[in-house]
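Have a look below at one chain only, the form predicted on its own, in structure tokens format.
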């Protein structure tokens, strides 16, 4: 890799696309619709740059996809092709930066992630994934039984054929982290309004000039839609089509227990982590599945699967089950940037929102306030859908 490419990836921004004649002046009034982790990060990064920001949330912060997220900060192993992998690596680095800016108040668990499989195709796939990630410079390596038990002393795995440790990954409590970011944003001047539902857009000369809400009209210069699965509905008010597909996810949450996990554990039949409050969170996978059963009975099944690997869980109780709807674009890659047909409307709709939130906030602030076009976001424009 040459020095110029390395610096571009490290900084994450290309200024080659500046538009000196047509660049937007820094807008006086920016409205962000959506109080999840992505919208909160965008508002935070904008206000740090001196923008006047109002954040509108339909219910309460982190009440949608964010609050129902497993909240694993990672760039493995499905994060392909290379541009998307690099994007997620920058998201991870962004959390390291924000962890410093917040003096550790975000309570991020930087324990990494252990993943393992028995003999078979899944173990073969893991070996291939780890090798590719290492070639891309990712901090991941294979582990043996001794290192496995050092990393996960309370976990009792069945015999495994392949296991890996992704060293620099992390996890967080998405509700707590979002609330913490929003509180800092409020201290810096963001006006947070909830419950406040957008009922319509006021348009003039091809742009949005205001939003009509249940709390009245809010005038604006730039509108940011970071509204999760509500984004297609709101974008349609500006005659824009934002294609998302249905992607549910169910998680079981235990009552608080003594410390058992200080890192993410991906077992063959259960994915597990433990939040700072002591609650263990478990689910079966992160892909779109047809499972929408959020009953206590199904939650207990998820807990039982996890307890097969983490026996101490038998001493805990199921506290609640969450059904979340992932913000999954049709091709499963982010939708980020200004809409060509409405040039002051910025869209941020993405899966892996927890991992990407800091870098989306940084890049969105650059594009909105500086009139730049971040090169890394080029594959993720709404225009790719025609």
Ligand SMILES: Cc1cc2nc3c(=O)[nH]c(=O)nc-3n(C[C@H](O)[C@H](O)[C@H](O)COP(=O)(O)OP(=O)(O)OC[C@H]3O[C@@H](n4cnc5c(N)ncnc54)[C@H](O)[C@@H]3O)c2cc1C
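Positions refer to the first chain, counted from 1. In this text the structure is predicted, and so the values were computed from the model without any measurement.
Only in words, not in the display: the form predicted in complex with this ligand, which the text now covers.
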Testing 152-160, 123-131, 197-205, 183-191 against this ligand in the predicted complex with a 4.5 Å heavy atom criterion leaves exactly one stretch, namely 197-205
Mind checking whether each of 72, 230 and 324 has a heavy atom within 4.5 Å of this ligand in the predicted complex?
-> yes
Do residue 65 and this ligand share at least one heavy atom pair within 4.5 Å in the predicted complex?
-> yes
Is there a heavy atom of residue 358 no more than 4.5 Å from a heavy atom of this ligand in the predicted complex?
-> no
Would you check, heavy atoms only and a 4.5 Å threshold, whether residue 252 touches this ligand in the predicted complex?
-> no
Could you tell me if residue 337 has a non-hydrogen atom within 4.5 Å of this ligand in the predicted complex?
-> no
The single option of 47, 345, 56, 30 touching this ligand in the predicted complex, heavy atom within 4.5 Å = 56
Scan 179-193 and note down the residues that get a heavy atom within 4.5 Å of this ligand in the predicted complex; none is a fine answer too.
-> none
